[in-house]
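In structure tokens, the next block holds one chain alone, the form predicted alone.
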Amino acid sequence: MKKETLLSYARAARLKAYAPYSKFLVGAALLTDENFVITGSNTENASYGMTVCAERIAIFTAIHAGWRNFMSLAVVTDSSPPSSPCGACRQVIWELCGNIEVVMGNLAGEMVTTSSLEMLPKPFGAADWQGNPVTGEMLQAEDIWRLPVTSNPLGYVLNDYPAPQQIPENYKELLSKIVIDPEFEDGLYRLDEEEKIIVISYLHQAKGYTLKDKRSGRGNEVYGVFACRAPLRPNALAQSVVELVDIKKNILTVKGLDLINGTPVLDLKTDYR
């Protein structure tokens, strides 16, 4: 993954910060050895010692999700030159990530690249998992499947529908665009041979869920949520089959998309029917 792309993840994560005291927003993005990205943002507290930096939140989240091997960490602030991780974060980076690349950037596009060992030339303790009581067998335990699964969106929907209730009734005849991150553009190779594609998305405005709902296509009879297309689901995922009209570089034009502007797109698949 390009450094600029990882910085863009950190820049987006910065907008999730809780920083009412310092007003200093920080975003971090941690890249695993499988090119998966986990983000974090600084979270402050009125008791200042309870504040946790963006870098540590990203790393702790990644560890909790089961990741162990990391390649790079990006940090974005609104300062020039770009701010570097604090001493506590440097120690955590070393112990839990090892000697990885650290990329620091700001909103003006400045970028500084170093490594965790350069930032902490004489670290305390080991940078490995030896001695940790959590084993591979434990990670396969019966209840592990209950833990949340994180996904990185591939792109987003671009159209004129700002909210679900404003999707026109004739949406099946209207055009929308799907903007794919240029990092994944090669994955669109030969997609233009398909007439229809399946769009897997995350319904980011859906809140909560119900296990039964009315099914409009069946006379508003009540069905279980897994037997209908109700948007309020235990996991707010949607599957939309659309007509592929055009592809220009990383931008797809599709017809019949029932998603609102800004909806994160998680995957694209071909329709084999």
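Because the structure is a prediction, the values reported are computed rather than measured. Residue positions are given as counts along the sequence shown, with the first one as 1.
Here the subject shifts to the form predicted together with a small molecule, a form of this protein not shown in this document.
- For the three marked residues, 95, 99 and 119, no heavy atom of any sits within 4.5 Å of the small molecule in the predicted complex.
- Think of it this way: in the predicted complex, the small molecule has a heavy atom of just one of 51, 205, 61, 32 within 4.5 Å, and the residue is 51.
- Proximity to the small molecule in the predicted complex, defined as a heavy atom within 4.5 Å, holds among 84, 114, 79, 152 only for 84.
- Shown alone here, residue 26 lies within 4.5 Å of the small molecule in the predicted complex, counting heavy atoms only.
- Contact annotation: residue 22 falls within 4.5 Å of the small molecule in the predicted complex, judged by heavy atom distances.
- Residue contact with the small molecule in the predicted complex: residue 39 places no heavy atom within 4.5 Å of it.
- At a distance threshold of 4.5 angstroms between non-hydrogen atoms, residue 213 is out of contact with the small molecule in the predicted complex.
- Contact with the small molecule in the predicted complex, judged as any non-hydrogen atom within 4.5 angstroms, is confined among 41-49, 62-70, 244-252, 228-236 to 41-49.
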